[in-house]
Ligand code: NAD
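What follows is one chain in structure tokens, specifically the form predicted alone.
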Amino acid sequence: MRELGCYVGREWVRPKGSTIEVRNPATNGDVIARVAQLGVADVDRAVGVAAEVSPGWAARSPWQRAEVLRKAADLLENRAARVAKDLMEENGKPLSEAQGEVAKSIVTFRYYAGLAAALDGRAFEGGAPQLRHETRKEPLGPVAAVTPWNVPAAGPARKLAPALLAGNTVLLKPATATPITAIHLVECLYEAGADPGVVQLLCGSGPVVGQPLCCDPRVRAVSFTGSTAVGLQLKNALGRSMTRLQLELGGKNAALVFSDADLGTASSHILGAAFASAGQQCTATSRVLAQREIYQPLLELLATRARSFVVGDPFDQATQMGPLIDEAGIRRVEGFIRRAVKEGARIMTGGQRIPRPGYFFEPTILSHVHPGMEISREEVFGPVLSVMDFGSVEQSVELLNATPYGLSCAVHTRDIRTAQFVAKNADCGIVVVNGPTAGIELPAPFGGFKLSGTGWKEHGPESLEFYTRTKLVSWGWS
């Protein structure tokens, strides 16, 4: 049994009292490690040290901070196999997905290390003689980063890298279900030369650790990725403060398939995005909107291919889909399917828990879904794909936008005018033409509209905007 610590203040704190049990979702929740569970006093101490060391880290040049990220990426690359193994055990992702996520985390550190020059600001002439303006990008101070269990490596990396490059200190609270991968990332940052106290690693429950952390007035910004319900609670809690808030929440993403699309290619993109991570990702395709002429053949093709998906042991290289995160995830998915069938949906394939140890569920395709159903509006966060039909391009966009979420969508067509119409009228932050709704590349800005987020972008140089403030200095002589 492994016992792992948190980084509080300027040191690693090993388990002493209560601990978090980290469980393997592929083996009926067997305990694989115990991690120190922190309390309110630990949070207070961590925030205090983060505020204390903040000026020193901010005083380093962007190039010095970038060098720490580069070295951390090299260290993470050297232990990539071990990190991927831990990720698989605590999260249940198949081997290829775990390896890919660790690789993306390494690339994330290197990518932001290469953006040091983006913090230079700009200079320009004023409207009066001898008047000159310049902008300066300054760090905010201590920032809280709250990350989810479904991306244990990429989630922390996409917050740590831009925040640290910008000169902020970071208080990282990983999900209690998957803290081991985050520990690896923080270890690499300190081994790479990060100043003591620049990154705090705080493990514990939301009420005991997350809430006091995010609501501490010394914390200048909060970046939260997680459930819509918790995100809205956080938004309300910070509503009267000046704390900057970035929310990346849920999605009800649709793939629009028009009659001129290549159905084979479209179905590959759809199923890959629907069942990767067992459907437990905010960008998962959960709805297919098929033009009436090709609705039936596409439905049958999706169902046939879904039946051939290999679900099982994450360490088996043949596995395409692993387990859900826990028993509650199974019950949630079963509830959505049960209510959908009661409302008139039909199960084309799947719909059942797989009778084996672990939290495995069949890839599921539902037909006869209409816009008024819960399954067509609300996020399932599991391997369930609903298929609906439409007539005109205008109706497709109407159905696309008929949810409270607005994260990602895909449009499959050979007609540029159709693609342009959807792109212009889709009420979501990401539109992909002839591709999947998931797997947005790192240089591209990531984030949604409506209940999917607050508008601050992750990924790309745009993410640095959240972690910096812009100061204007005007130079003039009389």
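Source: prediction; values computed, not measured. Residue positions are given as counts along the sequence shown, with the first one as 1.
The same protein has a further form, the form predicted in complex with the named molecule, not shown here; the description that follows concerns it.
You can rule out all but one of 338 to 346, 246 to 254, 67 to 75, 122 to 130: in the predicted complex, only 246 to 254 has residues with a heavy atom within 4.5 Å of the named molecule. None of the heavy atoms of residue 57 is located within 4.5 Å of the named molecule in the predicted complex. In the predicted complex, at least one heavy atom of residue 224 sits within 4.5 Å of a heavy atom of the named molecule. Using a 4.5 Å cutoff between non-hydrogen atoms, residue 174 counts as a contact of the named molecule in the predicted complex.
The shortest heavy atom separation between residue 287 and the named molecule in the predicted complex exceeds 4.5 Å. The partner is absent here; in the predicted complex, the one residue of 407, 385, 164, 183 having a heavy atom within 4.5 Å of the named molecule is 407. Checked against the named molecule in the predicted complex, the residues 199, 146, 102, 321 give one hit for a heavy atom within 4.5 Å, which is 146. Applying a 4.5 Å heavy atom cutoff to the named molecule in the predicted complex picks out 230, 233, 234 from 229 to 246, in order along the sequence.
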